[in-house]
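First, one chain by itself in structure tokens, the form predicted alone.
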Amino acid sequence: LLYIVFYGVSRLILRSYLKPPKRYWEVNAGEENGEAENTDVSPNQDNISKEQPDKIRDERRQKKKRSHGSFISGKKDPFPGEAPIPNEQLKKFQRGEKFQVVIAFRLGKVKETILRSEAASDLALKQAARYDLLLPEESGFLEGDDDEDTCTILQEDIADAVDITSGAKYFNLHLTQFGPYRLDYSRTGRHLLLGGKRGHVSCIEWQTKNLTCEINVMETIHDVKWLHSEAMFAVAQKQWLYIYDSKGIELHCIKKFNNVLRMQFLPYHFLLATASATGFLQYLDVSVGKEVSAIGTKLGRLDVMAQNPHNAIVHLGHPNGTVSLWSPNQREPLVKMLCHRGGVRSLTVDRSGTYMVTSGLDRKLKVYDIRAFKALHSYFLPAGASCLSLSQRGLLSAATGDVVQVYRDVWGGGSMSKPYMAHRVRGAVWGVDYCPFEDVLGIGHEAGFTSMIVPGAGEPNFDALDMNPYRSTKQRQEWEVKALLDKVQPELIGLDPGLLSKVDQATFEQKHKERVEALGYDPLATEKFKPRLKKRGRSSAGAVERRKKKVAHEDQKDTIRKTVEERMERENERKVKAQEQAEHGTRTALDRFKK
């Protein structure tokens, strides 16, 4: 018992001495002035101390609001708020025009959803334009000394002047046995696919010079193309179309696609478009392995092909000098343009979908504005151009024989008397293609392959959510699943992709007019009846609907009665007029026999 009493007394003494430290809101004004404070605290004072943090927090917020735009020294900020964003920078990231919301929009939820989505898109637009200043890389072009043409600078001199990593991007592959070669870069710009006319196929990780696979199909190869990732590629062989994986193993042999000469892959639709020697344009959905459509163009051999990256429209060049635009939804060409007096040799479209560049047998190179389908500029090349390619930054490469020339500002109307860069290879050029996100131009020719350094050709900054050049295998698999979920259906391919978010006003007006004629009145002319709120259970959902229907039937009866009366009046007027015309009309010889 004595031990228990002693233990309780000691606990009380220790509790009185070892009090928890006071918080900042428990300090009153007396302590701040150096005055002593009583140890006894009343319950009312406890409640006040608990309310103090909220008051202090509110005071601090108000103080911050009052001091907004001012410094510690008391000076005011001469430029308060966020920095304005130039309109040119906003236009760079703008994706289509805004949807004009009608003030008298009847569907409140739809209007609210549209306004919310527009606000989110505006915020994303401003953030993208503001963060554009923080991008790590910038594009630059090759500049020569005074009175020096950049086209006279050799690739060896450029490789010696730049750093080791950039200089290693210029190299030659001497493959004289199975050429000439066609090439294709993957969308990430890391992998290179080569296809020789005599059956040689090789996949290379060209930056590290690692050979992924190398096979010989023992047949003539017309074209090669990467599919949605670097895990699969398509080869247009002598008779049929084949699909291989990155190890060179044959996955599919598609016999429906025969005599294929050119191929284009639509990445957001997972469609492989092929043009054959028999004049057929075919689309293959690589996600399910089915043929989407087969269109007979009736325009002869199809060996000139390009795609518009903006709207996924396929452009075909023909021997009669025309260029036709095709969609898998129609059997007839969307647009047919007469571009050259001779056959079309090559064509390409820039990534914004605004300009198209064509070359023909008449030795002319023409630039067209696809929005208006008009020729902007026409240039004369002494030997013509057999292969064309446009880079991400708008540089045009034109191959003539064994010489490849690069031009700047083609659609700006500048002079093409002197190219920006030029390079000679060993043999006739069979294909040119720019590497994405790199200042590199790949050239396939009779003697193999050449990688040419072209400063300012590639986009310096990439979107890692769309195409990440440094992604791992796991990231590629994740991206592939998301891309399949976001796959665009082929029925949505059209000349103007912005039409998908617009309302067909003409069709809506026509349907509304037909509805008015069928009902006999305009259901949208008057405001809807809103029943008054009644008590004692008389405003239940069923009662409200019955009252609405009753009023609606009465209104409908009135409108129908009015239309019937108007119709009867018009009929009576017509009969009266006919009778008056009969009475006052000219009398004939037979009228005397009438009673």
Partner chain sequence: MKVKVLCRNPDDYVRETTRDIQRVPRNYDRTLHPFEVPREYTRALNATKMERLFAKPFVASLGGHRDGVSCLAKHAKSLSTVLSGACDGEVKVWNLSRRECLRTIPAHEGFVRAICSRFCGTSFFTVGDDKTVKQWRMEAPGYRVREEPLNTILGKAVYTGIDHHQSEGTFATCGQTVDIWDEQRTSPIRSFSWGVDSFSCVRYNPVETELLASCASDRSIVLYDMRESTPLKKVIMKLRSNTLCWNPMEAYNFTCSNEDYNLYTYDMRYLETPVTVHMDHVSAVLDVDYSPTGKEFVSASFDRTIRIFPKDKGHSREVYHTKRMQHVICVRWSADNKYVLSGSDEMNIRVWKANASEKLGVLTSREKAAVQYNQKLKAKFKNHPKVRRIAHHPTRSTPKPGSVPIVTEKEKHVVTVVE
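Only the largest set of C-alpha atoms that superpose within 1.5 Å between the two forms is called the rigid core. Numbering follows the first chain given and starts at 1. Worth saying up front: this structure is predicted, and the values here are computed from it rather than measured.
A second form of this protein, the form predicted in complex with its partner chain, is not displayed here; the remarks below concern that form.
Checklist entry - its partner chain isn't shown here, but in the predicted complex which of S139, N87, Q330, T278 has a heavy atom within 4.5 Å of it? => result Of S139, N87, Q330, T278, the residue with a heavy atom within 4.5 Å of its partner chain in the predicted complex is S139.
Item to check | Among the candidates S417, T208, Q177, T165, the residue which, in the predicted complex, approaches its partner chain to within 4.5 Å (heavy atoms) | outcome: Of the listed residues, the single hit is T165.
Item to check | Any non-hydrogen atom of Y434 within 4.5 angstroms of its partner chain in the predicted complex | outcome: No, no contact at 4.5 Å.
Checklist entry - Does at least one non-hydrogen atom of H269 fall within 4.5 angstroms of its partner chain in the predicted complex? => result The answer is yes: H269 has a heavy atom within 4.5 Å of its partner chain.
Next on the checklist: Check N311 for me: does it contact its partner chain in the predicted complex (non-hydrogen atoms, 4.5 angstroms)?
Outcome noted: Yes, N311 sits close enough to its partner chain in the predicted complex that at least one of its heavy atoms falls within 4.5 Å.
Next on the checklist: Taking any heavy atom pair closer than or equal to 4.5 Å as contact, tell me whether R95 reaches its partner chain in the predicted complex.
Outcome noted: Because a heavy atom of R95 falls inside 4.5 Å of its partner chain in the predicted complex, the answer is yes.
Checklist entry - Exactly one stretch in 486 to 494, 191 to 199, 404 to 412, 270 to 278 has heavy atoms within 4.5 Å of its partner chain in the predicted complex; which is it? => result Stretch 486 to 494 is the one.
Next on the checklist: Contact check in the predicted complex: K109, I153 and G498 versus its partner chain, with a cutoff of 4.5 Å between any heavy atoms. Do all three pass?
Outcome noted: Result yes, every residue of the spot touches its partner chain.
Item to check | Residues within stretch 463 to 484 having a non-hydrogen atom within 4.5 Å of its partner chain in the predicted complex | outcome: Stretch hits, in order: D463, A464, L465, D466, N468, Y470, S472, Q475.
Next on the checklist: Quick check: L519 between this form and the one not shown - does its CA shift reach 2 Å or more after fitting the rigid core?
Outcome noted: Yes, the C-alpha moves 2 Å or more.
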